[in-house]
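Coming up is one lone chain in structure tokens, specifically the form predicted on its own.
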């Protein structure tokens, strides 16, 4: 990892250490079911920003394995429905600007990838990675359920956040990342990409004097710079026609950097294998968490 990237992650951790998570839970009667309880979860991230998550807890005595689905690049991040919910804690965190985490800042989509990008101190995406780390920490800090082994999953930006958390939290047992966004890597700045990465090129065409700032202020977020630190096994899916999140060449480089990576390549795009891979991922996660 470069010195600049190291500095970014050290500063991010330092900011989080200054603020307790202050986790608050409220049972949601509407979404709770006979086999599990669902809670609205709120906690504090960097800059005192209050974040929202859904937390699903099976009935019975723990410890339970847990699955955290990191949020993708979208305004709404709802409850994920998975058969693992009957046997595992499932957390659905959000990052700042998404619905229910937008009291102080409402993100635009498209728009968030370039919000404040002209300066590292104002670039919102750098704080989104802090929010991902704090989401993992908040799960371990909550007192509703005793948590055992934890898997982190995600698609698109969520896949990138999942990999970042695994690189900085040794307690992560497994990672399933689908088409992780190439944000920060030179592959994200190539003209002619699809959205959401095309948002970066749109910005540079509109503000041609900011091209170097875009390269510099996103570089610390490049997944390739932290991939070698991941100690858990990773299931990685990419689509050969994906140009909006995880171009194939970038996905292959990322897989080569991760010490223990199972790369699955599909004849698709940003869906990264779709339903077929969803079934593979479910089985893979069940095995890693001892739920098979």
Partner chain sequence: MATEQDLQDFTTQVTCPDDFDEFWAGTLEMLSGISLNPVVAAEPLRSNDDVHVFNVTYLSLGGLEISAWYSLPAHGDGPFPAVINFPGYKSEPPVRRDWARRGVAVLSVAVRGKLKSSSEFNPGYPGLLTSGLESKETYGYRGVISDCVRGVDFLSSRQEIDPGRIYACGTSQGGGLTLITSALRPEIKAGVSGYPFLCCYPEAMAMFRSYPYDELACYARAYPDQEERMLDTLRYFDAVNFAPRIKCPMVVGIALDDEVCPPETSYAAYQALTSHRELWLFPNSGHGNAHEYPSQERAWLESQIERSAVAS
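Predicted model, so just to flag it, every value in this text is computed and none were measured. Positions refer to the first chain, counted from 1.
The protein also exists as the form predicted in complex with its partner chain; that form is not presented, and the subsequent description refers to it.
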Which one of 189, 124, 79, 219 is close to its partner chain in the predicted complex, taking close to mean a heavy atom within 4.5 Å? 79
Report whether the minimum heavy atom distance between residue 84 and its partner chain in the predicted complex is within 4.5 Å. no
Even though its partner chain is not shown here, does residue 54 get within 4.5 Å of it in the predicted complex, heavy atoms only? yes
If we define contact as a non-hydrogen atom of the residue within 4.5 angstroms of the partner, is residue 110 a contact of its partner chain in the predicted complex? yes
Its partner chain contact in the predicted complex: residue 231, any heavy atom under 4.5 Å: no
If contact means any heavy atom within 4.5 Å, which of 248-256, 24-32, 60-68, 41-49 contacts its partner chain in the predicted complex? 24-32
Applying a 4.5 angstroms cut-off on non-hydrogen atoms, the residues of 204-243 near its partner chain in the predicted complex are 205, 206, 207
